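First, one chain by itself in structure tokens, the form predicted alone.
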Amino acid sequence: MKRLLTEARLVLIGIPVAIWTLLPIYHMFLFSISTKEEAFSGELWPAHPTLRNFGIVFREQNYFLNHFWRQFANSLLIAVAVGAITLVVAAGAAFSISRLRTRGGRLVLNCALFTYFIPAAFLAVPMYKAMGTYGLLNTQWALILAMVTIASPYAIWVLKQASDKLPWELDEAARIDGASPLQLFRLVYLPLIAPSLVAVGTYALLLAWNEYLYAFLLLSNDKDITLPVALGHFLSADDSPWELLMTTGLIYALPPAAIYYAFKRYMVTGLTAGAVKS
């Protein structure tokens, strides 16, 4: 009976939370299959559902969608680059701090984590000035490096926690067999923290995929901007095509959702690695 009551409470809590979470997504979908006239009708289902909005978006048949596929590709390229570079930086730093015990490594990690005391939005203007100083403004490298800077401290911390759980006997055995630090990193360290690598890479990729403020500040050319910035342009018109905005947003939300569900089990195990000591 106690178990049934517990499950009943969870269901009573879970159903409202699920409805509250899925309601905005449902309304996005409703807009995407509605005509402009029916979009604000208030009906739970359009009288004449249509896929015409998807056709307009895919064929770029609107002023705001002139570079849809180019901007989609920009978002994908930047997100993948941020994920890859963050993994290289974080894995190398965590290995040096945790396994090689580099002098001053923990101080560097603490200083990096200290940056999270300052909201990322407050760092946008200093980042803009820094990119301008180094001649990187209006290039995709500016956004990639900015996102790597934001994602790396947390990524290093997660990988260090996972690394601290690895038994030292593995390192000692590898060194006895003549392994160099690079071989130890490549053949022992990386395979053992693979779940955490997947989690950290996914985190960095999704962070860059959804970024708006830094993309808006650091990129200005319509052919170089990411899709979130392009979606913001819809709001500049007096009579915005909301049905196309919601359709584009729904399409843009599909890749991260697919990535998350594909690597969900790695995300859970990877992000909680080192949370409990055995």
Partner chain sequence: MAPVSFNNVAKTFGSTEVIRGISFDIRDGEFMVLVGPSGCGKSTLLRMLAGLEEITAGTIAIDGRVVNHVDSKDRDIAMVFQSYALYPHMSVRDNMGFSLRLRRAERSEIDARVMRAARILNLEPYLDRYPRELSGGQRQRVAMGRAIVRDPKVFLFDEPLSNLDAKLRVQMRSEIKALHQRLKTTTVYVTHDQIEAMTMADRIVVMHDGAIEQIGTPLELYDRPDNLFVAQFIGSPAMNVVRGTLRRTGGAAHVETADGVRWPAGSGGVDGQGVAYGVRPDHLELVGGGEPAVPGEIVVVEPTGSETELVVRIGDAQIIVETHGRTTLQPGDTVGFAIDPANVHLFDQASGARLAP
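Remember, predicted model here, so these are calculated numbers, not experimental data. Residue numbers count along the first chain shown, from 1.
Although it is not shown, the form predicted together with the partner chain is what the next lines describe.
Student: Heavy atoms within 4.5 Å of the partner chain in the predicted complex: does G135 have any?
Tutor: G135 lies outside the contact set for the partner chain.
Student: Just to confirm, V80 within 4.5 Å of the partner chain in the predicted complex by heavy atoms?
Tutor: No, V80 stays farther than 4.5 Å from the partner chain in the predicted complex.
Student: Is A73 close enough to the partner chain in the predicted complex to count, meaning some heavy atom within 4.5 Å?
Tutor: A73 lies outside the contact set for the partner chain.
Student: Whether A84 contacts the partner chain in the predicted complex should be assessed with a 4.5 Å heavy atom distance threshold; does it?
Tutor: Contact with the partner chain, no.
Student: For the stretch 177-196, return the residues whose heavy atoms include at least one within 4.5 Å of the partner chain in the predicted complex, in the order they occur.
Tutor: Sequence-ordered list: D177, G178, A179, Q183, L187, V188, P191, L192.
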